[in-house]
Structures are given as structure tokens and as C-alpha cells.
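To begin, one chain is listed below as C-alpha cells, in the form predicted on its own.
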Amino acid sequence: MMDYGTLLQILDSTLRLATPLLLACLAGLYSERSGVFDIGLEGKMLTAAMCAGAVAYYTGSAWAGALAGIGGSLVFALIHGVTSITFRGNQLIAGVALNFLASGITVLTAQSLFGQGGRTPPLTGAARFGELTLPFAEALRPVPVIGPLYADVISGHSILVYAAFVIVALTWWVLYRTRYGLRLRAVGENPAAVDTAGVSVNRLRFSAVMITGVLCGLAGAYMATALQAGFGKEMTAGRGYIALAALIFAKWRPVQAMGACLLFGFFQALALRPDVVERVVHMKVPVPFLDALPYILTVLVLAGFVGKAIPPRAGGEPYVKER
């Protein structure tokens, strides 16, 4: 069986590993709620990670790296928006093309800058986001059950981890309690009705795509400057696609998206502790199988085994204004 201390370690890893998934999932939520399907989350995250790692190394500042990551992701978001919204191109093909572009250009740029096989040099000191100790963490540690949970799981993460969960609440409030959110949801369902009301469909969709760029930028920056110590080739490892699966699993709702990302993060955390899995199931489990668990879950979600998920009705369709 799993002891409490080991469980806390896995939950701690779950929060760290779920954070980039959560930020990317919320990014896709904004875009797809507006009617723009974005397969390019992976490419935006990868570009952001490279920009963040490179700038953080040169400046010695994780905050500068994060801003650079957001900037790099916004460039890709702008390209996707112009292609999909302005020129009414195929949104899925545009996203896939951006993923391929990011896969090549990030390695090429990192290699030309640092000559280390497409990686950035390791980040140290202020070039990485440090861990924050929340108030009373050490004072509450002796309290049974709750104390270690607060001190070892809830406390001790970088500021971007806490920001991700704040953004969940902010996203819920924006979508369901503001005029902008109402219009955003409406434009993903019936853009003609929004246009008739005198609201620019293209402007709304562009705003959503730019928000997607910001959140993907944070996700990539977190990976390069907090979760790991620098950028590495293909370091996102399919997390953009897993985030899309989590978004479908959550049926395009922010709080449910948080739960889905934590579930995926939990499976990723288990893959790092095969000894724990073996103790629980009382048999040896191949490590490659544990590594594949998040991707197996992704396939099951996309295959519809978790129930029917109905996307926004106008999703994937360019809007042509009627004259």
C-alpha cells in the first residue's frame, strides 16, 4: 500500500506537472469557445519555452524569460489568427503547420545561439522561478494530515503554479459573469446573431486567439524556467495535444478543465514513481507503459469513451459576413 508521505509526494508532482497542461487547456478554451479550433497549442508552448529559456539565460531573469515566452507565443497566435480569421483558412491545417514550424525553428534557433544540440544552457539562480513558501507552512506542519498536506503539497511551488489556478477562477468569471464572456460564448455558437447585434465577430475571435497566445506563453515559460532548467528539443512532449484532450474531457468548461488536467498530471506523476505503482497493484509494471498512460488516456478521451462532448456549433468554420 501507499503511505501518506508517498501520496503527498505524488500529489506535489501532480500539481507541478498539471500546471502547463492547465494553462494550455485554458488557452484552448478561449480560442475554441470563440469558434476557432486551435491544434497549434503545442507549437505555441514550444516556441514560448525556447524564447523563455534563451532570454532568461541571457538576462538572468525568469520574469524577462516569461515575457519573452509570451511574446513568442503571441507571434504564433497572430499568425494563426490572420490565417484562420482574416484569410478564412482551414483552422486545423493552420494549427498543424504551426506545430511543425515550431518543432523545427526552436531547435534551429537554440542551436545557432548556443551550439548545444538545440538546447539552452542550464538556468540557475534568478533565471528560474523559485519556490514560494506560503504563510504558516512550517507552523502547521506538525498538525496531523492537514499540516503536511498544506506544507508539502499546497506550499512550495513557483508563482506560475498558483497563477494557473487563479486563472481558472478568473476564466470562469470572465466567461459566465461578464459581457465579454457572453459574447465570446455566443460567437462560438452563432456568429451571425452576434454580428446582427453590432458586435464584430472577427475582433472577438482575434481577442480570444491573443488570450490563447498569452496563456500558451505562460505554459511554455513555466516549463523552461520552473519545471525544468532551460529549453530542450521537443520538451513539450505532446502536452498541447493532451491539453486538447483534457478540454474535450471537460466539455469546454474551466473548472472541469482543471479537474481533467489534474487527472492527466496525476498519471504523469505516477509514471515517475513505478515503485509506488508496483506496491499498489502487487505486480511489476513496465515503465514504458506508465510513461504511455497519459497518452492512452488521451486516446480514450478523443475516442469518446468518456461520454459525448459537443463542441461549439460554429467551431472550425470561418465567418463570412452576409451583405
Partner chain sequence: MKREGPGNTGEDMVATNGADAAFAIELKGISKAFGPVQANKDINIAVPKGTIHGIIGENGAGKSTLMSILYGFYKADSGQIFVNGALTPIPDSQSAIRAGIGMVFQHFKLVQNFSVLENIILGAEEGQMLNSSLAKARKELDRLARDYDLDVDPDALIEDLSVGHQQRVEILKALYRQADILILDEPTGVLTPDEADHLFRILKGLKDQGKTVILITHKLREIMEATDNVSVMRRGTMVATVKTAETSPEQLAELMVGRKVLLEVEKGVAKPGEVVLKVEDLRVRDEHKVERLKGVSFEIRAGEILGIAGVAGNGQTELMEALGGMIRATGRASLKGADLPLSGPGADGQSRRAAGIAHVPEDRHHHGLILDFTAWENMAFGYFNDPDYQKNALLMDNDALRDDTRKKMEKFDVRPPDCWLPAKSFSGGNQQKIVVAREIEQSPALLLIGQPTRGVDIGAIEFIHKQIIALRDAGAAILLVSVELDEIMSLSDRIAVMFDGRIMGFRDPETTDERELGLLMAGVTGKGEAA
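Positions refer to the first chain, counted from 1. This is a predicted model, so every value here is computed, not measured.
There is another form of this protein, the form predicted in complex with its partner chain, and it is not shown here; the text below is about that form.
Undergrad: Would you please decide whether residue 194 lies within 4.5 angstroms of its partner chain in the predicted bound form, comparing each non-hydrogen atom pair?
TA: Within the cut-off, so yes.
Undergrad: In the predicted bound form, does residue 141 have a heavy atom within 4.5 Å of its partner chain?
TA: Residue 141: no contact with its partner chain in the predicted bound form.
Undergrad: Is residue 186 one of the residues lying within 4.5 Å of its partner chain in the predicted bound form, judged by heavy atom distances?
TA: Contact with its partner chain, yes.
Undergrad: Taking any heavy atom pair closer than or equal to 4.5 Å as contact, tell me whether residue 115 reaches its partner chain in the predicted bound form.
TA: Residue 115: no contact with its partner chain in the predicted bound form.
Undergrad: For the three residues 173, 176 and 190, which mark the spot I'm curious about, does each lie within 4.5 Å of its partner chain in the predicted bound form through at least one heavy atom?
TA: Yes: each residue has a heavy atom within 4.5 Å of the partner.
Undergrad: State the residue from 163, 75, 169, 182 whose non-hydrogen atoms include one within 4.5 Å of its partner chain in the predicted bound form.
TA: After the contact test, the surviving option is 182.
Undergrad: Quick one: of 146, 134, 126, 199, which gets a non-hydrogen atom within 4.5 angstroms of its partner chain in the predicted bound form?
TA: Selected option: 199.
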